[in-house]
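In structure tokens, one chain follows: the form predicted on its own.
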């Protein structure tokens, strides 16, 4: 049994909140560079140039890469041989978010009640997903989610007979409906299977996958990613919704077992920054 003081988790998440809001991950940097090479529209290329310039300024001057610094989504993969000490792990996670957003001077965007709308003042609470895994390590993935793109996300409860073609139609429907509102070029996270809520979590996890990673997936999922990226880019929405050949820079698919009577599909869309960072303790 390995003991980990929860203060270590707090400090890790605090640092991650600041880092991920100021510096784009390497996979996303590479994706934006490739997007510029692929874009056929002059206006689209100008938009991509502006986005890359924004990233450069953000890194040099420690300015957030997007003014919407998001609601903190935290995935905790906890080894079953880990024993947390020094406090309650959920409190420790939220303290890390509070510390990171206040000390990092990041925008606080969370309200304590969805109807009364009073701001909590420190961007807590986070949305936390726990998973118990083998081993004695803790893997933390932080994905702050802005709501311009989050609001464009969808869940479809398809009939099994609709099959893979129904999944394709659902993805294209979600992206078409999103249009320019999701700040393209976007990353499209797709969850297929499970239940209503499991599909949504899968789609969120898919967004945090490295761009271009298709390992450990069924062949149909890897093929679907490639086909749907081409079809999404064929919609012509383009960077900033101003037209062009690069509407998305990646389509990431995750799947899970499901019931004989259902085919849940969730599409979680993220803007061009697609913030995600992982640390192992």
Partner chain sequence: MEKKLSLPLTKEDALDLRIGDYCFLTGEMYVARDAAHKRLFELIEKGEALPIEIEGETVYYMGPSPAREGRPIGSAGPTTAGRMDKYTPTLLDMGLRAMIGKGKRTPEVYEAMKKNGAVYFAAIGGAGALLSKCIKRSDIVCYEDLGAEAIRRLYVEDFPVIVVADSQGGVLYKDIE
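Residue numbers count along the first chain shown, from 1. Since we're looking at a predicted model, the values are computed, not measured.
Only in words, not in the display: the form predicted together with its partner chain, which the text now covers.
Look at 80-88, 131-139, 204-212, 178-186: in the model of the complex, residues with non-hydrogen atoms within 4.5 angstroms of its partner chain sit in 178-186. Highlighted residues 63, 107 and 240: every one comes within 4.5 Å of its partner chain in the model of the complex, counting any heavy atom.
Taking the partner from elsewhere, residue 219 is found to have every heavy atom lying beyond 4.5 Å of its partner chain in the model of the complex. Looking at residue 166, you'd find every heavy atom of it more than 4.5 angstroms from its partner chain in the model of the complex. The closest non-hydrogen atom of residue 193 lies beyond 4.5 Å of its partner chain in the model of the complex. In the model of the complex, none of the heavy atoms of residue 266 sits within 4.5 Å of a heavy atom of its partner chain.
Contacts with its partner chain in the model of the complex, taken as any heavy atom within 4.5 Å, map within 49-74 to 50, 51, 53, 54, 57, 58, 61, 62, 63, 64, 65, 66, 67.
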